[in-house]
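Below, in structure tokens: the form predicted alone, a single chain.
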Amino acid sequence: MKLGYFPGCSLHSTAKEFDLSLKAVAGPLDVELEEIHDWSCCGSSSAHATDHLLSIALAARNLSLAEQQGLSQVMAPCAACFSRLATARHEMAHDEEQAELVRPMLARPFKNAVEVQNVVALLQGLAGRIKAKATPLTGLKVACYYGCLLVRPPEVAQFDDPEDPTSMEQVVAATGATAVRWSRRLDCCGAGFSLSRVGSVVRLGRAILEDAKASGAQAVVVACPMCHSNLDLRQSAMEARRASLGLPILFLTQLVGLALKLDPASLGLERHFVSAVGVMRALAAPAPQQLPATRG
């Protein structure tokens, strides 16, 4: 399977482990990733808040480059990038007046023919292949955290149920791990307020992680660099004057990589603020042997 690949800014910088783990699992799952040549920032939420037309043009430029490259489908692992690319595709298809303003800005023909996919949808489609190749992560309990942008707004994401998604849980099941039932898997983590309103991010993140831990999770699985950053980087602040959380925040691709028995270093697991060593040790521990039943 060949896919266009839009890494976005985060996967080349603060979420390098997402890029590493995605590329590490792509080979064993027979996925060929072809990076879009000369891609540029999708604009993220900053452009959308400042200039809506510019935000559509920035994302549409990347889709036009994918078309020029002969790609029919582009996968954007970052939930924010996926949202911006999918929004641009949707608006260019449904708002002709805006499309007429954007097209001259692209400086190349644009048919709006490239489909946009997120990493959860990709792995969901490969769940059978993952299960067949996995060494089951038996006993590992994880909380699947979707956040805001993977399934919303539904007319843009066109993926899974926006109120009760199950796609990430299906991938977790394919790895042999168990997805716990919990209440805050769709709550906002504070997103881009991580620098401007740290207190709000800490408060929101603490509520999310406390619920995950109370539900029995040993780790939280995400598919968004911003969610990862807020829940991993800010976890020490969440623990100030409170009970320790100690929950590793794993990208979904890292969990799949663990099930495929890939080298933890190739998955970037050493790059997290909250260590995932405990999780890896638990997976490496031999299963307790059952004693033969005795006859009384």
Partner chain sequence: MSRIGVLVCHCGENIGRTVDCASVARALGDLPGVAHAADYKYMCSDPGQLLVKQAIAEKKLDGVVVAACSPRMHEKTFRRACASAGMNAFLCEMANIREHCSWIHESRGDATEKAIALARAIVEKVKRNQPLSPIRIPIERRALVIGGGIAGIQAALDIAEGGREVVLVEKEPSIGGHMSQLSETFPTLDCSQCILTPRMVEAYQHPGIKLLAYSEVESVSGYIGNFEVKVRRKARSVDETRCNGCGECQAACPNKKIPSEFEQGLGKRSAIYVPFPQAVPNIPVIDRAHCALFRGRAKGLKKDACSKCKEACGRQAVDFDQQDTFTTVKVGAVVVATGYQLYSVGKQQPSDKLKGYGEYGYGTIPDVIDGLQFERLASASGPTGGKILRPSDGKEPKKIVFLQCIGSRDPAKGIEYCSKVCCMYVAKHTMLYRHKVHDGKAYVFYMDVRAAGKGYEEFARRAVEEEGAIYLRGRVSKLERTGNAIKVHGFDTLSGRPMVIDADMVVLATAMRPQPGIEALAQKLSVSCDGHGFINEAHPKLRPVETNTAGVFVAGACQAPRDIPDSVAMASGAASKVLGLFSNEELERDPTVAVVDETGCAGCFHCERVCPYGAVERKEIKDRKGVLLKVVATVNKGVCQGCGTCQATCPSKNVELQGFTDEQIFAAISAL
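This structure is a prediction, so every number in the text was calculated from the model and none was measured. Positions refer to the first chain, counted from 1.
What comes next is about the form predicted together with its partner chain, which does not appear here.
This chain is displayed without its partner chain, yet in the model of the complex the stretch 177-185 from 131-139, 177-185, 111-119, 216-224 comes within 4.5 Å of it by heavy atoms. Contact annotation: Q73 falls outside 4.5 Å of its partner chain in the model of the complex, judged by heavy atom distances.
Residue contact with its partner chain in the model of the complex: D211 places a heavy atom within 4.5 Å of it. Heavy atoms of Q158 never reach within 4.5 Å of its partner chain in the model of the complex, leaving it off the interface.
Contacts between 162-183 and its partner chain, taken as any heavy atom within 4.5 Å in the model of the complex, involve E163, D164, T166, R181, S183.
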